[in-house]
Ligand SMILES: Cc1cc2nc3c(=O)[nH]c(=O)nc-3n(C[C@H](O)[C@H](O)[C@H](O)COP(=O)(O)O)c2cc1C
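Just one chain is shown here, as structure tokens, and it is the form predicted alone.
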């Protein structure tokens, strides 16, 4: 049964989803939707919404079969304005502006994280209600797609675990499938920090404590889903982004910390060797890479939630999907910084395209300074630490091309390349068994070939290459300013 009451809220409470929703509502970035069905319809609406040019965040209420006030939020990170707001940057309206505002920030946040250990508080709004007899189906966990293996309560979630041999707390984003009212499957990819914690407990024959944060400020799942150093707690990193320490309460059952301002929290244990069927579920590249597998199952012992709770959904699908924009922005900034750190000069712009899941089709624009500059940029883009995993195509264009504009990029590929000399192939590069093309590869190991496409004007012909038949940038800007009503997007 739920315990209702009025909780004391610490003044140190910066991960409140309601405060962020009020902010984006003022920006005109939130749309409320009533009457959708959790069974496929909510997922289909979100999928079609995110493919629009300027998709709003969607807050679903009056969901079929559920009481009013039990809500689901989707498409939270899929615009420059919302994503810059989540990252506490000045609000940006363009892709390039957001990438530029973000450049250098991850390194700064990582350096500052040590000074932002979370603050333990005794209470918070997340404790307004408690289920001692858990029923995770009390929340409208969607069946997102027709081929999914079940309902997923965890897509825009954060999963809290502790290392068996130390006090290291990890907060990772792993998908969570509902098995029944008190059991959920937790899919953690081998090598991920949460999976390492689980494997240690499994090898020792010990119960594995888990907390699942199924609703919170989107910053929580955004940071939980990026690569930060082994041994660092994501709560520290979030605090550095906020420039304010996270208020957490300690789970009474597991002792694991979770945000005092969270919306919905599940707490329990994976019993030794309790692994069951999980999936299938779509992946970031837009495919189902395999059939149902197995995953550890969490036996839920407590559920905590706010009054009128909000479940945060962020399902993968054929790009663009719910979170592909945020991945594109984050990885574009990281790749830009990586190229500059590797000594590539005059990197003007970079975009990790959503169509490739922000991994498989990346484009950099440079101002050519010397012979071989374009090839250098392309190979480093393909092979640097941030970019090597599943980097199928790396394209280099001149500075007059917007790397985020696929029409411009492919125009450069079509008109500035000689296929025989401008495409380099790297064989046996870093790939993944999660790659949909893995079924066709001749390798047993997770390898793949990679292409570097030099779509810059040939260095030897920079000065005699045919001129582009279009208005100059200056004339375009002057014309847009004069005819802004006619030419508004």
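Numbering follows the first chain given and starts at 1. Each form is matched to the other, and the largest set of C-alpha atoms that superpose within 1.5 Å is called the rigid core. This one's a predicted model, so the numbers in the text were calculated from it and none came from an experiment.
Same protein, other form: the form predicted in complex with this ligand, not shown, and the subject of what follows.
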In the predicted complex, the one of 118, 194, 319, 387 near this ligand [non-hydrogen atom within 4.5 angstroms]:
194
From the list 113, 401, 73, 188, which entry has a heavy atom within 4.5 Å of this ligand in the predicted complex?
188
Please name which of the stretches 227 to 235, 120 to 128, 95 to 103, 345 to 353 has residues with heavy atoms lying within 4.5 Å of this ligand in the predicted complex.
227 to 235
Though only this chain appears here, would residue 198 touch this ligand in the predicted complex if you measure heavy atom gaps against 4.5 Å?
no
This ligand contact at residue 266 in the predicted complex, heavy atom, 4.5 Å:
no
Tell me, yes or no, whether residue 170 is in contact with this ligand in the predicted complex, where a contact means a heavy atom of each within 4.5 Å.
yes
Spell out, yes or no, whether the shortest heavy atom distance between residue 208 and this ligand in the predicted complex is within 4.5 Å.
no
Within 4.5 Å of this ligand in the predicted complex, do we find a heavy atom from each of 174, 314 and 323?
yes
Is the C-alpha displacement of residue 331 equal to or greater than 2 Å between the shown form and the other one once the rigid core has been superposed?
yes
Rigid core superposed, CA of residue 49 - does it shift 2 Å or more between the shown form and the other one?
no
Large Cα shift (2 Å or above) at residue 39 between the shown form and the other one, core-fitted
no
